[in-house]
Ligand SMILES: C[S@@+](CC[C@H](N)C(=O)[O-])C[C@H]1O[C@@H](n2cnc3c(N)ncnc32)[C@H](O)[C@@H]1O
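For reference, the chain that follows is the form predicted alone, supplied as structure tokens.
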């Protein structure tokens, strides 16, 4: 292995350690919290009165960040796994592939929401291509939900993995939203194929 590659690997490991250690120091449930902090600093979409839906919320890092920023709004978190209780956050357990569960989310708010954030990923099977595809399906389903419950000028932020379904997700995002920006936060592991789509403004379709 070249010195260059060793140096890059070392820096990458240090970066991962930094966010992990910071999450423990600051009391976040996951290092992923810093991804949302960075993206909100960049795009400034979570306000004090935001009505927000957090998809794939467990263990709760993103909901924690949202709860610190939202003082007059509302936060609903959902996941197929159970999430420990958080102040100012309502949690509903369910599967985004289940249409009845999506309807339950819609009925919970009974109004349009400002922001939908999704850090969802399918449970790993050991087959990376299959895992990427299944995560892409979750993303497509959440995009359909956003079309139904998001305000016209709302924001949809979602994780996507590079792979077979990536272009399908990207094309659908461009079809649904006025603005689609691809972004990889510094807190995202350099070895990870994940990337985030920041989508804003629903199109009339």
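Positions refer to the first chain, counted from 1. Just so it is clear, the structure is predicted and the values come from calculations on it, not from any experiment.
Below, we turn to the form predicted together with this ligand, even though it does not appear here.
The candidate stretches are 145-153, 174-182, 43-51, 61-69, and the one lying within 4.5 Å of this ligand in the predicted complex by heavy atoms is 61-69. The single contact residue among 132, 120, 89, 116, judged by any heavy atom lying within 4.5 Å of this ligand in the predicted complex, is 120. None of the heavy atoms of residue 136 is located within 4.5 Å of this ligand in the predicted complex. Within 4.5 Å of some heavy atom of this ligand in the predicted complex lies at least one heavy atom of residue 32. Shown alone here, residue 158 lies farther than 4.5 Å from this ligand in the predicted complex, counting heavy atoms only. Heavy atoms of residue 81 reach within 4.5 Å of this ligand in the predicted complex, making it an interface residue. Of the residues in 72-110, those that come within 4.5 Å of this ligand in the predicted complex through at least one heavy atom are, in sequence order, 79, 80, 81, 94, 95, 96, 97.
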